[in-house]
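Only one chain comes next, encoded as structure tokens, the form predicted alone.
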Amino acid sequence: MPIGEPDARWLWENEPCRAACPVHTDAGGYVTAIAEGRYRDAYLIARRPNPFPSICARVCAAPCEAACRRGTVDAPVAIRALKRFVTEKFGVESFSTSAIWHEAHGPVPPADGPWVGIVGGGPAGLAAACDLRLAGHRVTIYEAARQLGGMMVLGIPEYRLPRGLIAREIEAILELGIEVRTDFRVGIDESFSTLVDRHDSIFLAVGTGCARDLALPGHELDGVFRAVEYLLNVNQGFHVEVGDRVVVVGGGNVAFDAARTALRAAAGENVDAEPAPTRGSDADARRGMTTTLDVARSAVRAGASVVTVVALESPDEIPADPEEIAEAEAEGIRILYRRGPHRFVGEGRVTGLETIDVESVFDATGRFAPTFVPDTESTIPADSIILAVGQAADLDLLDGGPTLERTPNGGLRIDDATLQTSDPRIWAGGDVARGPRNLIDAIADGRRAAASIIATSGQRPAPAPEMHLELRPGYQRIDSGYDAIARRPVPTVASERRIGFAEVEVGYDEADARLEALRCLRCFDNVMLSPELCILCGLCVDVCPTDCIVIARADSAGLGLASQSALLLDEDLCIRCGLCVNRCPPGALSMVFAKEVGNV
């Protein structure tokens, strides 16, 4: 029987990994399928809500792992690495994905619906194009670059995301019958107003390709680069001379991308081994802070002998991923915390960065407002300085077109639910509307915009899945000892063997993947109580290995009169072992599975 709306919402939120994922991937579903050896099923579960499973398996920020309830026990399940395990078997990198891809998205209808123009061929634009085409819309993508992919191609270093893999993932989307015009600059080759008049709807997904500057003395010196521009040049195969001593300013992943890229690029490696399809690009949603660490590590590989990251934040405050910081340090990159740029030193060409000690990064309200300690200046010698201090959208392309409301930070104002702009014909999503964010957030925006355009166009949207409860009689975890398995380290290439732009992370083998998948607590399983059967014998309390069940006075739990008692279960402590269900004499406790029925 379908369950009530309040219960459905509770069950959804009770799966933290799925709720945390912007596209609501059923992580528990595909992780459990891996544990059971059902790898094909695992791929289909991971693919259905996400047209970029192979890419996300390598560079997603993995908010699902941050929310994973197993993390309250010891360490979260390595969800992203497990996705890579199944995409390597059935994804585009396996070269055997065609039948499985079509099974995941179903038949492709004729393109006889309203015509949608998408400006920007990065992840947000491509995700929207995929869903719109599957709904029967005619879709055309307009991309300023020579290839599609946006910052996936132009911003993320190849040692994290191989270019051939991006090309194949994009090609699988284009096979649906999507029109693409690359090397097409809106506002130059054709006005934005013309595009709006030509199409029934427009989706703006142009990203934030403009790097922010630091207006400090000496910022105009040769040798001072902006991280986004630096990565764009290197990732397109251009050689950028950085010298032996590189300083990267910033505390996000982008800074580390730039650092690591500089190491590799200076070594003369060819970074454009396999370009993405020459069809279009732009609008990734990697967070603007995703450049610092990679910039630094790149500088070292490029032949730079000393690469230093200068961060305003302390080790506890720095926004870069801990894994990125650890990789940078393993590659020999030095990180200076609580130091801020004060001025660029040099005449004609930069020779150093004068820094100053940071007193605080945020004010009392948590707003970013750095303050510095007077008379603490010191200079770091540098042949090049790479600035990874944020990104912004270039919206000059909209000049002469319909007037669209802007946000205080210069982005486009949108309705949070529908992503519609102040003009009812135009939608916007990804970085251009929300500022630099993660790849998976851009994909979610693309899908959300597509759903809104489909609904507005009068086409019938896909039905929402119903939530059903399915009883698990005689429930018992067959994987004994799963709660004691330690997180399996994700294999990487040893630091001394990292040459050029080859991938650093190599992924699990089958044995480790199965073991890691067994660690999932299966939050989609739920212990349910039939109050009319419970005799409050307390045997479930006695048998519970994590002490997550208690019998309490109802008034102390805010549930009733003092003369009554209540059985309480702490979901964050429950490991779904099923001992309480099997021990209950009257069968008042049962294990049920929250199952989606219908379109995924």
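Keep in mind that this is a model prediction, so the values were computed, not measured. From 1 onward, residues are counted along the sequence shown.
Form predicted together with a small molecule: not shown, discussed below.
> Just to confirm, Cys60 within 4.5 Å of the small molecule in the predicted complex by heavy atoms?
Yes, contact at 4.5 Å.
> For Phe85, is any heavy atom within 4.5 Å of the small molecule in the predicted complex, or not?
No, Phe85 stays farther than 4.5 Å from the small molecule in the predicted complex.
> Spell out, yes or no, whether the shortest heavy atom distance between Arg339 and the small molecule in the predicted complex is within 4.5 Å.
Contact with the small molecule, no.
> State yes or no: in the predicted complex, is some non-hydrogen atom of Arg185 no more than 4.5 angstroms from a non-hydrogen atom of the small molecule?
The answer is yes: Arg185 has a heavy atom within 4.5 Å of the small molecule.
> Please pick, from Ala128, Ala262, Val248, Ala205, the one residue with any non-hydrogen atom lying within 4.5 angstroms of the small molecule in the predicted complex.
By the 4.5 Å heavy-atom cutoff, the listed residue in contact is Ala205.
> Of Arg488, Arg226, Lys89, Arg160, which residue is found within 4.5 angstroms of the small molecule in the predicted complex when only non-hydrogen atoms are counted?
By the 4.5 Å heavy-atom cutoff, the listed residue in contact is Arg160.
> Hey, of 407-415, 312-320, 218-226, 250-258, which bit sits against the small molecule in the predicted complex at 4.5 Å between non-hydrogen atoms?
Answer to the contact question: 250-258.
> Does every residue of Thr25, Ala33 and Val592 put a non-hydrogen atom within 4.5 angstroms of the small molecule in the predicted complex?
Answer is no for this spot.
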